[in-house]
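Listed next as structure tokens: two forms of one protein chain, kept apart as structure 1 and structure 2.
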Structure 1
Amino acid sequence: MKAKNKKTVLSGIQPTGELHIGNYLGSLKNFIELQNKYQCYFFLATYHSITENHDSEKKKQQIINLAIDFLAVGLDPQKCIIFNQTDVPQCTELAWIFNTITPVTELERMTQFKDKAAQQAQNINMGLLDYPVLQAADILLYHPDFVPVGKDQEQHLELTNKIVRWFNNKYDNYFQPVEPKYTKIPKVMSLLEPEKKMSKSAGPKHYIGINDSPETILNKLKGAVTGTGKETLLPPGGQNLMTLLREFGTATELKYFQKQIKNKDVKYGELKQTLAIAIAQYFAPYRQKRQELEKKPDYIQKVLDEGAQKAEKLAQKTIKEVKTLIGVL
């Protein structure tokens, strides 16, 4: 399973709808680089996604769409293991075992639980509270060396390593602490509310989808909140557009608009046009590849099935050893 002396990395993304450029810069772009350096497990965090309000029929398609996105952006099943979380049931077995050693007070103080509970006040379910324990199981099931995270996930990884200590102290020195692999994630903000992080839940005009057409990208950017262009300090909306230009534009384009900022004469219409072209061109190969993969449902399923078989081989070994240690096998 694991190449000799090759470190292991694990990460997942929830299938909750189309991906936007914030998702790409925050995760997928990094995944592509990691698969060339490490033994990587990249999974569709489907169980996590159903803690939110969802439609069961749409969920099926969201799972397939995310698998297509993984492949279309450049993840290679010959270089990494891609699988659906629900196809490896050992994660829920291990989560239950971890539940028996995790204090409820640790879960109640989780920032993400408080945030998500506020977002869906009519559906504060146990899954929202227990989310970090399942996440710990997702991670420790495969004994990875690193987990790539942004600062917003730091608290969850800290809990994972607490669970490692609690388990090892109670049973045996079996699990090893997991190191965070902090990634430089550009903070991509909403187009209409640039003080808030880009999110699908706010509505389609707030984000740019990686599968958006060039026309759609331009229309969304035209509506982006900016400023007058004469400010001494660039407003949040202007800062957000410049962040995107750094990621998707050329060095020449960046220098050109930085000069405008210095001169307090930012032409936002021109910046939006330039940025729209840059983003559209950047994701053109992805859109083409995605169209090709949409015509190959059997291949997509094959990738997920083979990935699950590889992942489950290690998962079965881990759960068997854990059950032996706790005295139930």
Structure 2
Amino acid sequence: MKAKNKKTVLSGIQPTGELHIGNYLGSLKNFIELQNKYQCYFFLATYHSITENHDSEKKKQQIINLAIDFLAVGLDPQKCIIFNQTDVPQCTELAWIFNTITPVTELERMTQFKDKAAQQAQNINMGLLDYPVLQAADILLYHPDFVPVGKDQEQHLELTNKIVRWFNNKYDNYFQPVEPKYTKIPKVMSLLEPEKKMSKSAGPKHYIGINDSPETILNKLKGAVTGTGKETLLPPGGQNLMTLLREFGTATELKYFQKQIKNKDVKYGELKQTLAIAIAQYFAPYRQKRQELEKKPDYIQKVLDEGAQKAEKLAQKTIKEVKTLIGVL
């Protein structure tokens, strides 16, 4: 087991399209803070992303786009290791080994699997079922202490810890359980269906992209489902907008709308305008940085190549130790 003085953090995001404020508030924001304190590994979960219906013509660009997003929101390759999962093949080796100790029934009960199987009924592939095992391998290759994710990943991290137990019981006390790290807002809700989480898969009107223009943000917010403003109990859509205002708005703006809520006289039109301006302002530096980075494809590739080299060092060590423990080396 490696001796540790600085704690290790690891997380991944799938390159499947643009990032939304749910991804940002639920996980990326944490990444940016954690890179200052811990040894951090942040990767593009490309192998996970091909378990969904996808267009291979677009995949490479989605990978580059997500790498640009990581850098544009403030991840710094001097402080953290950024890499593409497909450049560190040890994750698939370890996933195979974990496959041999994971009961199929555990995977069949995963809620994300059930949801995605319903969404892509014509493409219920083995990878979709095996997705959490690959995730456990991604994580455990680097022996992290914390895994920053949104609340929707809780069940996957529980499975990771079960795999730790099954492996340690069968072989040796080698892996340590991991701890999820949530932000203050681990679940941002959809604009159109505020009882469900904000998600890319439901379509662009359900989410605010972090790269959306000020006009798009306002238009999407105008369409957000709220209520009459007269209810005794703030409806889920109203709660969601207030959560966002707490994060992106000023204390004065927050107080102003809290007073409206107290008086059961919420002017949603006004709240949406205020919030749209606040969100657009918050992400203005990101949009600017993104434009600059789009002009530097060689630099982006260099960051990913160097990150993969660093990640692979630890991945190789882990896989060698695991192969020795299971008796194949």
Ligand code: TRP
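Treat the numbers as computed from the prediction; the structure is a model and nothing was measured. Structure 1's sequence is the ruler for residue numbers, which start at 1. Only the largest set of C-alpha atoms that superpose within 1.5 Å between the two forms is called the rigid core.
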Just one question: which structure is the form predicted alone?
-> 1
Verify the C-alpha shift of K187 between structures 1 and 2: is it 2 Å or more after superposing the core?
-> yes
